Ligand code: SAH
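Presented as structure tokens, the chain that follows is alone, the form predicted on its own.
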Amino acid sequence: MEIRRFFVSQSDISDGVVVLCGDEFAHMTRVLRYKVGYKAIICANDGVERLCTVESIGRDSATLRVDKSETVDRKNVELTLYAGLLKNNKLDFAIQKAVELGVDRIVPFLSANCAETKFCRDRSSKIALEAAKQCGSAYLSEVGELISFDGMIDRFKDYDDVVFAYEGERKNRISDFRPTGKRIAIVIGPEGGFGAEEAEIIKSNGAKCVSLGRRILRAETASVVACALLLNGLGELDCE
């Protein structure tokens, strides 16, 4: 049987014992039909994989014994993607691929050119969870609540660097970006991009404006390309 991956909080692990509950417990027992003695990989957002054996299954939780722990992924930076809300579930694609690349947090926002206004965080969080399991990540990326354009600007102060991928930029390439710290945010607009006034607000609040190249990319493509180029430049896509 394939050994499946499950995510818990670090508080769910103590003295070599893991308590699995909630949605992950339901998935283990009701969907995958796990039984006592089955093996599982448990991750707690710390870069460590824990090979475990199911010791008991109760009504609301399962107890697993940690047989072996191995650090498989170390992060030197923390990357947040601020993505303009997209129509026709295109944001699903951006979230899925961002998780596969190793983005820590995805936060959707509304701006003047957004064609969509509705967002379901629970649904998007499930997409992020499945993407983390599919790609074998030891980290679970967080999907934030939908925020306003002004709300996004207010959060810039929480980061060491904010990178703004803008189609109007012709000089500074994203590959030339050099971070000043470990907390980094990247901003990608919606289908219609940003208006000139919005772009000036973003830049005047300290964001570093960069280009993704000579071609105008779809918003969901831009999110993937920007995160991939940025993480690669930071060494976060290296094998070691």
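What you are looking at is a predicted structure, and each value in this text was computed from that prediction instead of being measured. Numbers for residues come from their place in the sequence shown, where the first is 1.
Absent from the display: the form predicted in complex with S-adenosyl-L-homocysteine (SAH). The rest refers to it.
In the model of the complex, residue 68 stays away from S-adenosyl-L-homocysteine (SAH), with no heavy atom inside 4.5 Å. Under a 4.5 angstroms non-hydrogen atom cutoff, S-adenosyl-L-homocysteine (SAH) in the model of the complex lacks residue 231 among its neighbouring residues. Within this chain, residue 219 lines the site of S-adenosyl-L-homocysteine (SAH) in the model of the complex, having a heavy atom no more than 4.5 Å away. Using a 4.5 Å cutoff between non-hydrogen atoms, residue 185 does not count as a contact of S-adenosyl-L-homocysteine (SAH) in the model of the complex. Of the candidates 30, 178, 59, 215, 215 is the one whose heavy atoms come within 4.5 Å of S-adenosyl-L-homocysteine (SAH) in the model of the complex; the others do not.
With the partner removed from view, the residue among 91, 128, 138, 165 that has a non-hydrogen atom within 4.5 Å of S-adenosyl-L-homocysteine (SAH) in the model of the complex turns out to be 165.
Only one listed stretch (59-67, 33-41, 46-54, 204-212) carries heavy atoms within 4.5 Å of S-adenosyl-L-homocysteine (SAH) in the model of the complex, and that stretch is 204-212.
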